[in-house]
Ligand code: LLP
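One chain comes next, on its own, written out as structure tokens in the form predicted alone.
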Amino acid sequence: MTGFSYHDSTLACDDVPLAEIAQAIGTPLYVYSAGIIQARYRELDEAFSSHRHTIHYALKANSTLAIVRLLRALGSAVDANSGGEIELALRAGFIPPQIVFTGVGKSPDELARAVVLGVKAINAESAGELERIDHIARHHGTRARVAVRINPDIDALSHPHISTGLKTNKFGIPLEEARQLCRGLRMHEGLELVGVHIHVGSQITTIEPLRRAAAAALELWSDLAADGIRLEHLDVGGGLGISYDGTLVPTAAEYAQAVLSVLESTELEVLLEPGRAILGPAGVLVARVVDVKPQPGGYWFVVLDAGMTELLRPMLYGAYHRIVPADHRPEPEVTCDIVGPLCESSDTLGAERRLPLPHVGDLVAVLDAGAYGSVMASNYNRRSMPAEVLVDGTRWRVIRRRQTIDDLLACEE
């Protein structure tokens, strides 16, 4: 079997019980299903198969090296948001033409690295950034491939902290300004305009913002084509959401139909930048109960050995993740606050959850944690980064060992 399901009341990843892995390497830890990653990537790729396209997996969602190598083996390219992610991509085996470089505040060193490498496109955020790229490229005697990121003032209808397409957000260039800017790029010897980039937000669970974003990119392409400016691609970004609570969200096929119905008039290559849509459901955070505290009013604090240092999303965004026992017992349910061990009152993974009262030593799994989980982990309270495991059928392997105190202090004098 592929994915996370109960086998005789024991939660397993594919065909491996989570308890087996936790017993071997301890908790907290992240466990990923290779089968889910493969299936979700192929589903998205197939959904867009009627149009020339390239999937540039967004490394910001999860950049663990083994995960990135798995996606490369599936045929993915990558979207990098920092110099570190560019270097990670190269070590994973990607070549520069498979990398697009995105980010609102690229440093001079990062831009120089991308220019010299010759990445597929640098998604430029401003007129000033384009000037800096031009200067670097001319200094190195080359032309940099750039795409202009537009801000279409579209509400993604997601959490405000992950909305990127409104005029009040820091991202991109207003559409009207972008038209004039692109027309003027022909005067820059160090720049080659190859595309238009748009990304309006993350965890988008309605199709309309994604369709409108594609239409805005197409509108700019049409205006530029009328001026004789030829592009290579339209980058429609990512943002397709997943279901954290079991409610219905758009499928890959519905997403593709909405985007391609807009872009069918052009034969330009379409670039996609999914991250969460591929990795989110493919991972869980496994933690152990370290204390159970009864409270007045009949509810309980269930304290885990994992919290905001392992999974920040609930504290940062108020995000919801389902939390389930690794061993299901047919006992009456009680109301619990599932909390972490950190010295912060915000360190709550789930409030007022109903589940059979856990016992000290029990394992629980926080679901849909494959994206923006381990990649946002921290060493607050001098806590070590968790181990990470990749399961493939009946086999599993550690793809990131648990951090030690020596690792933690290695850069300090």
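Keep in mind the model is a prediction, meaning the values are calculated, not measured. The first residue of the shown sequence is 1; numbering continues from there.
Beyond the structure shown, there is the form predicted in complex with this ligand, which is absent from this document and is the topic of what follows.
This ligand in the model of the complex comes within 4.5 Å of no heavy atom belonging to Arg383.
Taking the partner from the other structure, this ligand in the model of the complex has no heavy atom within 4.5 Å of any heavy atom of Arg145. Among residues of the shown chain, Gly238 is one whose heavy atoms approach this ligand to within 4.5 Å in the model of the complex.
Among residues of the shown chain, Arg40 is not one whose heavy atoms approach this ligand to within 4.5 Å in the model of the complex. Residue Gln203 is the only one of Asn151, Gln203, Ser76, Thr309 with a heavy atom lying within 4.5 Å of this ligand in the model of the complex. Listed residues Gly172, Pro209, Pro281, Pro274 were compared with this ligand in the model of the complex; Pro274 is the one with a heavy atom within 4.5 Å. Of the stretches 26-34, 371-379, 342-350, 384-392, only 371-379 has residues with a heavy atom within 4.5 Å of this ligand in the model of the complex.
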